[in-house]
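One chain comes next, on its own, written out as C-alpha cells in the form predicted on its own.
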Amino acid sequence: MSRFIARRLLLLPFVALGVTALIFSLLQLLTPAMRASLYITDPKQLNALPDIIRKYHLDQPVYVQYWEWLRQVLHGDLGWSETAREPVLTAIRGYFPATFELALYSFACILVLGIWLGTLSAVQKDKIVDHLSRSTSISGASLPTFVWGLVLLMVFYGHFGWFPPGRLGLDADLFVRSPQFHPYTGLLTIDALLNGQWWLLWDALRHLVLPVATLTYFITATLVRITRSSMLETLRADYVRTAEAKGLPRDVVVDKHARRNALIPVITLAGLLFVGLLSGVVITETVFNWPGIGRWGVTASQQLDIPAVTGFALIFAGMLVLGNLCADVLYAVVDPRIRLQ
C-alpha cells in the first residue's frame, strides 16, 4: 500500500507541472501588455507598462517567461484582483472557506444518500423502492438547480421564515467581524464551536440547510444512478452467486461482497463531484447569496479580471490533481488488486 501511494506521489509534481504549463500556454494568447495586468495594483501604473513588461520578462523567450511566472506562482504572487480590490491569493483565502464549508456538508449528504439509495435500488430491483429511487433521480437530474433552489426559498424562507439566504444573519455577521471572535479555520460552524458560541453555530447551520438541500437533491441523482448500475452488475457476478449459494445472509453478501467491489466507479464520480463542489457551485451560491469562490470567479471573468481568472484556474487545477490522487488511494483501499498494478 505504501509503495502504491509513493508511486502516485512521485507522479504528482510532474502532473502539476504539466497543468501549470497548460495554463501558461493559454496566457500566451494575450499580448504582453495584457499579461502585465497580472502585476498592476494601481491604475496609475498603466503609464509604466513598458517597465512592468521588462521587470517580469514578458518580452523574453517563452521558456524565460514561463520560469519567471512559475517562480512568482510558487511564491504565492498570483497578481492583483481588480474585482476583489486585493491580491488574488488574499481573495482566494477569503472566498474559499465559504465554498469549502458548503461543499463539505453537501458532499457528506450526497455520499451517504447516493450510496444508500443506489444500493437499495439495486437490491430491490423493479420493486416500489427501485421505482421511487429512479423517479427521484430523474427529477433531480432534470430540474434546473435554480428552480429547485427558488422553490425551497419561497417555501421555507418566504412562507415559514425558517432558513434565510446568505451565510449569516445580521447579528451573527457583526459578531464574526468583531474582535471577540477568533476565526481559527474560516469554517463558521467549526469556529463557532471553538469559540464556544452555540447561538452562532445554530445561525450558521440555519443558513446552510437550503443550499445543502439543493445541492444534495441535484447531485445525489447522478450518484444514485451510477451506484445502482454498478451494484446490479456486481450482483450478477459469479462470486456473489457463489456466496449466496453457500447460504450467507443477504445482508452479508450485499455489504461485504457486492457493495465493496461496486464502489470503484462510484469513487471516481465522487472525487470529481467533490472537486466540482470545491470549485464553486455558481448557481447555488448566487440563488442563496452565498459568498463563495464560484460567485467571485464568475464576476471576475465577466469583468475580464485576468489575474483573478488565472488564480481561479490554478486553484481548480490543483484541487483536481489532488482529487484524482485521493481517488487512486481509495481505489487501492477498496480493491487490493489495484495495489499490484
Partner chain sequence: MSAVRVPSLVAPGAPTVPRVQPSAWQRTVRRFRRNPLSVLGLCIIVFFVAVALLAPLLAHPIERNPYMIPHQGYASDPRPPGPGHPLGTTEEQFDLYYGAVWGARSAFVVALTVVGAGIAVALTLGSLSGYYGGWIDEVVMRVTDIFLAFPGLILAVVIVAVLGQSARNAMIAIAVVAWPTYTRLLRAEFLRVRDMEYVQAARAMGVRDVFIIIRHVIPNTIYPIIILASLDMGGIVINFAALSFLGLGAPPGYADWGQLISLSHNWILGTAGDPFQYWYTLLVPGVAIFLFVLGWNLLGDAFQDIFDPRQRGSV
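Basically, rigid core = biggest C-alpha set you can superpose within 1.5 Å across the two forms. Computed from a prediction, not measured in an experiment: that's the story for all the values here. Positions refer to the first chain, counted from 1.
The same protein has a further form, the form predicted together with its partner chain, not shown here; the description that follows concerns it.
Between the options 183, 76, 158, 265, the residue in contact with its partner chain in the model of the complex by a heavy atom within 4.5 angstroms is 158. For the options 229, 189, 195, 222, the one in contact with its partner chain in the model of the complex, meaning a heavy atom within 4.5 Å, is 229. Taking the partner from elsewhere, residue 309 is found to have a heavy atom lying within 4.5 Å of its partner chain in the model of the complex. At the 4.5 Å threshold, heavy atoms of residue 153 reach its partner chain in the model of the complex. In the model of the complex, its partner chain sits within 4.5 Å of a heavy atom belonging to residue 142. Mapping the unseen interface onto this chain, residue 147 counts among the residues with a heavy atom inside 4.5 Å of its partner chain in the model of the complex. Taken together, 111, 200 and 216 are entirely out of contact with its partner chain in the model of the complex: none brings a heavy atom within 4.5 Å. Looking at 100-117, no residue comes within 4.5 Å of its partner chain in the model of the complex, counting any heavy atom. Remark: with the core as the superposition reference, the CA shift of residue 288 between this form and the one not shown stays below 2 Å. After superposition on the rigid core, the Cα of residue 271 moves by 2 Å or more between this form and the one not shown.
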